[in-house]
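This document opens with one chain alone, in structure tokens, the form predicted on its own.
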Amino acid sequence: MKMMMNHNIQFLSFKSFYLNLSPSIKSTIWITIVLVIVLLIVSKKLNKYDENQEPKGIILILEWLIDGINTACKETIGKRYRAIAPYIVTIAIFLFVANISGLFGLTPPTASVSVTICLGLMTFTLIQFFGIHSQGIKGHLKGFIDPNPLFLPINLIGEIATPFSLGLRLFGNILSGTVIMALIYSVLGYAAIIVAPPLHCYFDIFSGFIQTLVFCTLTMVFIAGKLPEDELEYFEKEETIE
């Protein structure tokens, strides 16, 4: 009896905690759960996949996505592309699903500034990591006083602004689409069913894809900016030799 009461109390506590979460955090939790389940199913299919067979279905989509991102990383980052490609794949899948989650009745997580700033800070951390890893701490810090020590304040502001510019750009574009669609539904009522589909195609699918592409591209560009030129040119030289 006591155990049942304890379970009920724990359930009510969890329920109260969940209900007090913001809509964007709830959406993030559900999207993460769904993506983990999908990835587990895909992983199971990959284990059974025969390399001699022609890829189809979700395997074909996954192969197209990974090949495309690997190519983009090679062209932008060079020989270190293998270190950053998994992050780009992960963030691209999450961002696109989050951006279009409004189609499924969820509040897009990327319409919350706290979520987008966190994503920007993750990218900012990677940028600093690659800068220190490739140049050393001394060389990385020296970059803040190039080409002249007088540029130190400007360089610091530019560096600190990176996660905020990434996060706020994503937040502003997704939020604007969400607000416009909410206004259309509130003004037109049931008549919105005629106007809404093409607008959803633009604000949710097209804009969601573009914002995902922009975020991932800027991530690769910022990381490439911290790498020496010889590392960026390595892949092109390797391809020429082959």
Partner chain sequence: MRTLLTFLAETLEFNSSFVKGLACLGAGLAVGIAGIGPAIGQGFAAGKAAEATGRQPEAMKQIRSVMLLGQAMAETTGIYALLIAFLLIFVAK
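Quick caveat: nothing in here was measured; it's all calculated off a predicted structure. Residue numbers count along the first chain shown, from 1.
Separately, the form predicted together with the partner chain exists; it is not shown, and the next lines address it.
*Asks:* Looking at 213, 34, 42, 196, which has any heavy atom no more than 4.5 Å from the partner chain in the predicted complex?
*Replies:* Going through each option in turn, the one that passes is 213.
*Asks:* Within 4.5 Å, heavy atoms only, which of 179, 187, 60, 46 is in contact with the partner chain in the predicted complex?
*Replies:* If I apply the 4.5 Å criterion carefully, the residue I get is 179.
*Asks:* Just one stretch in 160-168, 91-99, 129-137, 146-154 has heavy atoms within 4.5 Å of the partner chain in the predicted complex, so which one is it?
*Replies:* Flagged stretch: 160-168.
*Asks:* Residue-level contact is defined here as any heavy atom of the residue lying within 4.5 Å of the partner chain in the predicted complex; does residue 25 satisfy this criterion?
*Replies:* Judged by the heavy-atom cut-off of 4.5 Å, residue 25 is well away from the partner chain in the predicted complex.
*Asks:* Given that the partner chain is not shown alongside this chain, does residue 70 nevertheless sit within 4.5 Å of it in the predicted complex, heavy atom to heavy atom?
*Replies:* No - in the predicted complex, heavy atoms of residue 70 and the partner chain never come within 4.5 Å of each other.
*Asks:* Does the partner chain come within 4.5 Å of any heavy atom of residue 206 in the predicted complex?
*Replies:* Yes, residue 206 is a contact residue.
*Asks:* Give a yes or no for residue 66: in the predicted complex, does one of its heavy atoms lie within 4.5 Å of a heavy atom belonging to the partner chain?
*Replies:* Residue 66: no, not in contact with the partner chain in the predicted complex.
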